[in-house]
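Listed next as C-alpha cells is one chain, alone, in the form predicted on its own.
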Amino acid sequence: MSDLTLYHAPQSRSATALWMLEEIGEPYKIEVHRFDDGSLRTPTYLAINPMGKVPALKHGDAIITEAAAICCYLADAFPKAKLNIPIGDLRRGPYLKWLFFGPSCFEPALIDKMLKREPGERTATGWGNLDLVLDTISKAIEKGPYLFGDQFTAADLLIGGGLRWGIMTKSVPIRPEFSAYAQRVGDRPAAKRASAKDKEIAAAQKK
C-alpha cells in the first residue's frame, strides 16, 4: 500500500504536485476534492491543511502543504529520481532560489497581469513586475536545456510549469526561449501522465 497520499482538486495548483509524484515514480494515492462542495472546509480536511487549500501531501505521518514545498520535499525524499540538487553541492543554493522564485515572484507577477492589477513599487513587492521576472527567467534558461544544464530538477517543474500556464492563459508573451523551454518540460512522459490523470478526474467530476 502506498505511503503517499495527494489531496487533490483538478485544474488547480495541485496539478504541480501530481506531476511531481509522476516524476518520482513512487506509488501514491489520490484523495479527490472539489471546490464547490465544501469538502475543503470540513474539520477533517482542515486538520490536514488549515488553509483549506490543495495541494496537500501526506507521507507517513508527515503532512506537507504548498506546491513548491511538496516538490522540494519529494525531490529530497526520493533522490533516486535525481530531481534535486543535494546538500553539499554548491548548486543547491541556486536550486533553492528557483524553487522559491516560482511562488514568491513568478506567480504573483502573473496574477497581477491576469487580474489587471498595477504592479507595485519594486521596493515594496518581492517580484517588482512581470517584465523583470520574465527577463530573469529568460537569462536563466538561455543556455538550456534546463535551469541546471542537462539535469531536469523540481525547479524546472515549477518554473516550466508556470511558463506553460502563463502561455496558455496569454499572461506570458511569446518568446522563442519560453516556448521551447515550456515544450521541453511539457513533453516529459511524467508531465503527460499527470495531465491525463488531471483531465480524467475533472471529467469525472462533471458527470
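Here the structure is a predicted model, which means the values were calculated and not measured. Numbering starts at 1 and runs along the sequence shown.
Below, we turn to the form predicted together with a small molecule, even though it does not appear here.
Handout entry: Residue (of 170, 139, 41, 29) lying close to the small molecule in the predicted complex, criterion heavy atoms within 4.5 Å
Key = Of the listed residues, the single hit is 41.
Exercise for the section: Would you kindly say which of 59, 175, 53, 164 lies with a heavy atom within 4.5 Å of the small molecule in the predicted complex? Expected result: Selected residue: 53.
Problem - 12, 35 and 66 all contacting the small molecule in the predicted complex, non-hydrogen atom within 4.5 Å - result: Each of the three qualifies.
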